[in-house]
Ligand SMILES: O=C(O)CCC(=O)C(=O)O
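Let's start with one chain on its own, the form predicted on its own, as structure tokens.
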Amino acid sequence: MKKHILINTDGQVVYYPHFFSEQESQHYFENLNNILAWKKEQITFFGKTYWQPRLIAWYGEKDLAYNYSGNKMQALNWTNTLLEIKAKVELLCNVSFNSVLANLYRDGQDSMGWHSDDEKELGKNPIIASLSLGGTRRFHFRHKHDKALKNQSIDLKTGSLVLMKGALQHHWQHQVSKTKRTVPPRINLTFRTIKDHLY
């Protein structure tokens, strides 16, 4: 499968532009958009609470809990479609994932600010597989410490997969910024492995 290595310093980002075909992507987008239990959540930054500018849903193994942006979330049971997608992602990545955080970007004003996926539950050097379905959005990366390293960005088209691994979350941040362009809704599935998940 065709791939492009976007980052290979202090971790690695590998981009697979055609993980799913347009037809497969449309099928999965319609299913997940209608079936997943989307909800609006609040997040807390530096003592202040805000509404997240997107909808989310979290699925995984039974009794799986995850502390995310100041919220403790309990995983919903896998849907058949999520399990089907997960199996295909695991085959490519050679990794077993036990959860997925789904994000629904309804339009260009929905976004994800600069952050690293460095929660303790993900382990020291987590492997995260991020699948895009629907509208194209630009994905940005910036190094936390080395300003000599150029920021990186890539347009995430429908059916594309980004694999983040190694020490990336210690050294880099990523975001999906707002855009004034008219863009169709986008679903992002980020498959993760929660390490300490029994409470």
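None of these values were measured; they are calculated from a predicted model. Note that residue numbering follows the sequence shown and begins at 1.
Missing here is the form predicted together with the named molecule; even so, the following discussion is about that form.
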| item | value |
| --- | --- |
| Heavy atom within 4.5 Å of the named molecule in the predicted bound form - residue from 29, 38, 139, 59 | 139 |
| One residue of 85, 95, 101, 73 in contact with the named molecule, assessed in the predicted bound form (non-hydrogen atom, 4.5 angstroms) | 101 |
| 4.5 angstroms heavy atom contact with the named molecule in the predicted bound form for residue 176 | yes |
| The named molecule contact at residue 106 in the predicted bound form, heavy atom, 4.5 Å | no |
| Heavy atom of residue 25 within 4.5 Å of the named molecule in the predicted bound form | no |
| Contact of residue 112 with the named molecule in the predicted bound form (heavy atom, 4.5 Å) | yes |
| Complete contact of 117, 130 and 156 with the named molecule in the predicted bound form (any heavy atom, 4.5 Å) | yes |
